[in-house]
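Listed next as structure tokens: two forms of one protein chain, kept apart as structure 1 and structure 2.
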Structure 1
């Protein structure tokens, strides 16, 4: 949610900013609503005040044993008038909220113009793409060859876009998760965090998935409204919902492994083959809660933490700054890390690191108390994948394959694989 104050002080700037996202914001309509809101709020509060004063005087009169009838005569139609004003005010506030909560975050000044992923800016590349002097296989062929990846059975048990992993392939994914968690905890200073994988609607509202993106979620209960998490970002960030944090407790740095569930509505026909786009996948998520003036630096650091995993795994990747049209709804600025996948001859997203500034915090009512003013201030929230484990598994298989179809295990994972150095066919 954007700052309502901004809408009252510089609404034209809001419009200009939203235009970068190709969002048409109707200033005229909003201004009209705001004008009516103010008038009716003032009227409502005046009526409420009148009611309070009269009611209070009845209480005082009764206490003194005076006749209250003259006071009751003054009330007249006040109640009905007040009720009507309150209803109208509530309606206008609901209309304005509906507009506000559908608006995306304002982009950082450094975000380049552009309408889709083709206009993202590559900032850097790391590592060498492996050279193969044989006909390479993609991760599906490799997984099947090792009898460790079974999409047919996944479809039988559930539906398309689910998979069964077995044997060393399954273990390799688990090794990746453990390695990522340990690295973030021991080297990058994150707190290990375990959370519910089912969340309520308030939590999804807080991080911005609801009300706009309900179609992407799996709903598991209607009463109460409960959903499977699309990412650990939701439960982890919601730890600070409705909280006023002490200054010395910040920054909060949390790392959490979880399964993620996405309905992938609107992704029909995309990445139908393999593990790239599943309804259920494993991810290690980094979340930071920081003071406002620290979030940009934290964003760089968090991204570097994710990059460090790729570097330790020896996977070639590039860092991309998302353009205006590709940056997510709640984000001011997003770096994507794209890993090299030989099977696709392409870089593919494996991590997305975003700075939400106060956008989520405003929805979450997540604040910290500034000792200098004594007043609560909104925190800034950030998160990033560190990394998506399913896609990392894909990258390991494809980048570390040999002519015979064996998979060499990167040094840092070997201890997590019981000392194994290569997964043989």
Structure 2
């Protein structure tokens, strides 16, 4: 959520910044609500003060033997008026909060203009795209060839966009996850974290999925409201919800492997073939909680940690800076890493690394105590995929295929595969 102070001190600048995202912010309506809120709040305080003063006169009237009924009648009238003012104030505050909850984060100044992914800016490329002297197969054909990827059974068990992985293909995905975790823990300094895969509404509100993106979630319970996680970002970041952290505990660097569940409500008709857009998939997530003056540096470092996984796997990729129209709701700045997929003859996103600054922290009430002032300050939160296991599996299958359909195993994964160097048909 944006800082309410910005709306009180420079609301026109907020409107200008939101226009970068093509978001129309009704300044006049918000200003009217704020003006009415101030007036009602002043009225409420005045009525409460008047009621308190009159209440004190009851004892004095009793001591003098005077009739106290007129005083009680007046207090009753003030009470009714006060209650009505409090109801109106609560409604105005709720209306203002609803407006605030629907507004995305303000973009970093370095984020380029643009409407959609076609206007993202490529910053760099790494690695060489493999050259094949035979007709290549995509990951679906390779998975079927190895009898390790069964979409029909996934649909039978659940519905479309679910899959059953088998044999060495399933083992390869597990190897990828273990390799990613070990690298982030042993080389990049993250603490392994295990969290629930079901979260409450407060957790989803804290990281920005609710109320705006409810249709993208799988709800599993109504009393209480519980949801399957769309990403480990949600439960891991919520570890610091309603907490005041000590300065020497920061930065927090956490890595978590989890399944992710997404309804993909707005993505029907896209990527209907294969593993690219499933309702359930595995991901290794990186989350950092840092002080405000460290978040830009942390963003670069977190992105480099995700890149290192791709480099160790020998997968060609590119790094892009998302434009204004493609940057996520809660993010102020996002880098996407896009891996080369020969079967699609294009780069495809495999990791998004985002800096949210204090946008999530304000919803989460996540703070740290500044020892110089003794006062709590909002933390900054960041996360990124390190990496999405399913898409990494796709990249391995397609980039390391041979003419016979065998899959060569990258050297860094061979020890996780029991010394196996090739998955043979």
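Heads up, when I say rigid core I mean the largest set of C-alphas that superpose within 1.5 Å between the two forms. Numbering follows the first chain given and starts at 1. These figures come from a predicted structure and were not determined experimentally.
Colleague: 1 or 2: which is the form predicted in complex with the RNA?
Modeller: Here the form predicted in complex with the RNA corresponds to structure 1.
Colleague: Is residue 50 among the residues whose Cα moves by 2 Å or more between structures 1 and 2 after superposition of the rigid core?
Modeller: Indeed, residue 50 is displaced by 2 Å or more.
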